[in-house]
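One chain comes next, on its own, written as C-alpha cells: the form predicted alone.
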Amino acid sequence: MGRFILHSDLNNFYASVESLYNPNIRNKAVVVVGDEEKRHGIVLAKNYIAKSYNIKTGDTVWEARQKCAEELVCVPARFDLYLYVSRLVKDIYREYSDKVESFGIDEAWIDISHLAKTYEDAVAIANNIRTRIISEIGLTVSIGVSFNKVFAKLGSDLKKPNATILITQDNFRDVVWKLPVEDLLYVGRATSKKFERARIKTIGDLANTDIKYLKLTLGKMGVVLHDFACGRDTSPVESIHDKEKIKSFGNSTTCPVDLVSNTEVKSIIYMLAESVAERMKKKNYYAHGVSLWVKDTDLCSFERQMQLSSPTNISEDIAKNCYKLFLDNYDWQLNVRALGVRVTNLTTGKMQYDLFESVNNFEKKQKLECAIEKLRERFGYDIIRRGNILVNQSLSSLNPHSDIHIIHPIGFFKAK
C-alpha cells in the first residue's frame, strides 16, 4: 500500500493568530515583533499584506516601517497564546492519527497510512483537515501530501495560503527537481554556498550529481541530501506515545546595548549558561558538548561547537568553554549584538566523573548552584546575581527566564 504522509504548515502563524484575536487589524499590514525597548525589535512574523512590501523575518522594526507605504501594525509577540492555539490545532491532527510529529510550533507531519488506500484518499483527508482548522480554529493551513516526510514538507511550501499539494512517486521529478536546491529540507546557508560553488542549482542537479563527489564535498550529509532529492526518505513519523527526546538545551538573547568588550560578552555567556544548567538539572541531563552562537552589529552570525572532556550540568563549566569558543573565534571587527549558549550530545542518569575531577568538588558545585536556583525560584531571578553582570547597568536588566529568550529544539537560533 505504501506510505501516505501529510505535512501541515499553518499560514503566517503568529500574525494570523493576532489577526484572529483582533479583527480590527485583519486587513492591515501586520508584523509580530519582539520588545523594541530591549532591542528585541525584529520581525518574527508577518501577514501577506506586510509580505507584499518585501518585509522579511529578521528585519528590524525600523527597516519594516521604511518598506511599508501604509501604516504598519506592530504587535508584540505573545508566545503563550501561540502555544495554546498550536495545541488546539494539533489536537485535531491527533484525531486522525497517533503518529503526529511536530516540526516547530506551526508545523507537523501526520502519518495517515492506516486511513488512506490511494492518493485520492490522502488528498481528501488533507482537505478535510484544512476545512476543520478554518471552521473550528479560524486559521488557514497549507498541506503537502506525499510518500515521505521530505516531499510532504516541500509540498506544503509550494502553495500558500490554504492549499493542498500532492507529490507522488510518479510526478516528483516534474514537480520537485526544477525547484532551487535551497528548498530541500536541511539545506541551510552554509550547504547552499557549497552547492553554489559546485554549480548545483536545483534539486534535480543534486539528484543527478555523482554520490562519491557529494560524499567528498559534504561527508555523510551529502549522501543523505542526495537520497532526499531522489525520494529515498524512509524516516518514520514519530508516535505521540513516544517520549519526546531532548536533543539540546539552549538560551539566547539580543542585548539591550551592543557589547564592546570581552568582559561584557563573558557576563552574558555566564548568565545564559546559568539558565541552561538550571533546566538541565531539573531533568537530570548532562552535556558532552557546548555550542556558542554570536551575531554582530551587521546582523551576521556564526555558531561554533566543542566537545567536553567530561559531561556536566554545571553552569561554570558550560560558560567557561563557551567563552573560550568566543575568544578563539571572534576578532572584534564589529561589536556584538546577540549571543546564544547551547549544550549538546546529552546523556541522562548517573554521572561518570572524569578521572581528574574530584567527585566532592563536582557535587559541591552542583549543590551550590541548586541552592541558588531554589532561591531564584522562590524570590525571583534578581534575588542573587553574578557581580560581572552588574558592572553594566544596561545589561543588568536582562532575565534569561523571559519567554523571549527561550530557544526551541528545532531551528536553533533561527527566527520563526
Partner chain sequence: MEKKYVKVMVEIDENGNKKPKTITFNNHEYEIDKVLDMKKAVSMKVGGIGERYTVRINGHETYLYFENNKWFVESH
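Numbering follows the first chain given and starts at 1. Treat the numbers as computed from the prediction; the structure is a model and nothing was measured.
The form predicted in complex with its partner chain exists for this protein as well; it is not shown, and the discussion that follows is about that form.
*Among 238, 183, 205, 136, which has at least one heavy atom within 4.5 Å of its partner chain in the predicted complex?*
Checked against the cut-off, the match is 136.
*Heavy atom within 4.5 Å of its partner chain in the predicted complex: which of 365, 26, 51, 67 fits that? Just give me the one.*
Contact check passes for 26.
*Okay, which stretch from 189-197, 81-89, 263-271, 337-345 lines its partner chain in the predicted complex, with non-hydrogen atoms inside 4.5 Å?*
One stretch meets the cut-off, namely 81-89.
*Hey, in the predicted complex, does residue 95 get a heavy atom within 4.5 angstroms of its partner chain?*
Yes, residue 95 sits close enough to its partner chain in the predicted complex that at least one of its heavy atoms falls within 4.5 Å.
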